[in-house]
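Only one chain is included here, represented as C-alpha cells and corresponding to the form predicted on its own.
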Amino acid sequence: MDEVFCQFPFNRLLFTKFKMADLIITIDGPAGSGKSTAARLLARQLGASFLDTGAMYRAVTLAAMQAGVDMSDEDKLLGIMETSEFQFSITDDMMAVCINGTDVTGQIRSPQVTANARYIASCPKAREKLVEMQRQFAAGRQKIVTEGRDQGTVAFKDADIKFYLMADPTERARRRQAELRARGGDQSLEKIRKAIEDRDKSDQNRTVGPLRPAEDAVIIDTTDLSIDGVVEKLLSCVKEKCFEKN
C-alpha cells in the first residue's frame, strides 16, 4: 500500500495550524542510535503512520548538491527548496523520495548526502519549513510515530510519548558501517566514527533545534540491545503510558 503524503514545491506550503493526531510518539537521538528502524517497527506494531524526517532533510540536501549550490549559502538553499518539487510516499513502512519526478530513494542515503545534511539542519528557515511539513503529515492521522533529532523538543512539543535513544559512538559506527556494506559501500570504522562524532557536535551546538532529550523523554541506551529488544522496551513503555492516560 502506498501513501503519498507530500508533493509540492516548498513555496506553496501553507503555514496554518493543523489538528494533530490522536496519538503522537516521538523518537529522537543521534545517528546510529537505532531510532529510524525502531520507529518504523514500532509504528508497524501499533498500526500507526511512520514519519522519517531524516529523508526530508536528505532530499533537500541532495537537491542542493545536484544543483551545485554553495551548501553554506542559506539563501541558495531556500531557493532550491522553493524551485524544486519533492514527493514523499510510504511503501511497506519505508519512505520513498522523488525530486522533480525522479526517484532518489537510494541516493539520499549516500555518505556524501549524510555529510552535507548538517547544512540544511543548521538553516533556521529551512528547518521551519520542514517542521511545518512534518506537522502537516500528522494532521488527520489517528496515530503517528515520528523520528528525528528535534521531534520531541520542537516539532511535536505536546507529543503523548517521547523517547530519546542513545548508544556508544563505536557501536553506532559499527551499525552505520553494516548499513553501508549492505548497500554495496564500504568505509573504515574509524572514518565513520569520526563523521558521527562531528555530526553529533554540529547537531548539539546548532542554535535552532539542537539535539537533546526533551525534558519529559524516556531515555533508552541501545548499545547492548538488539533492535527487537529496543522495540520491546518502546512497546512496553507505550502500553504503560497509555494505560496511565486512560
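So that there is no doubt, residue numbering starts at 1 and follows the sequence shown. All values reported here derive from a predicted model rather than from experimental measurement.
Here the subject shifts to the form predicted in complex with a small molecule, a form of this protein not shown in this document.
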{"query": "Residue among R212, R206, R44, K194 with a heavy atom within 4.5 Å of the small molecule in the model of the complex", "finding": "R206"}
{"query": "Interface residue in the model of the complex among A117, V104, M166, A126, criterion: non-hydrogen atom within 4.5 angstroms of the small molecule", "finding": "A117"}
{"query": "Option from 96-104, 143-151, 78-86, 156-164 whose residues, in the model of the complex, bring a heavy atom within 4.5 Å of the small molecule", "finding": "143-151"}
{"query": "Within 4.5 Å of the small molecule in the model of the complex, all of T37, R175 and R183 (non-hydrogen atom)", "finding": "no"}
{"query": "Contact test in the model of the complex: S49 vs the small molecule, heavy atoms, 4.5 Å", "finding": "no"}
{"query": "The small molecule contact at R109 in the model of the complex, heavy atom, 4.5 Å", "finding": "yes"}
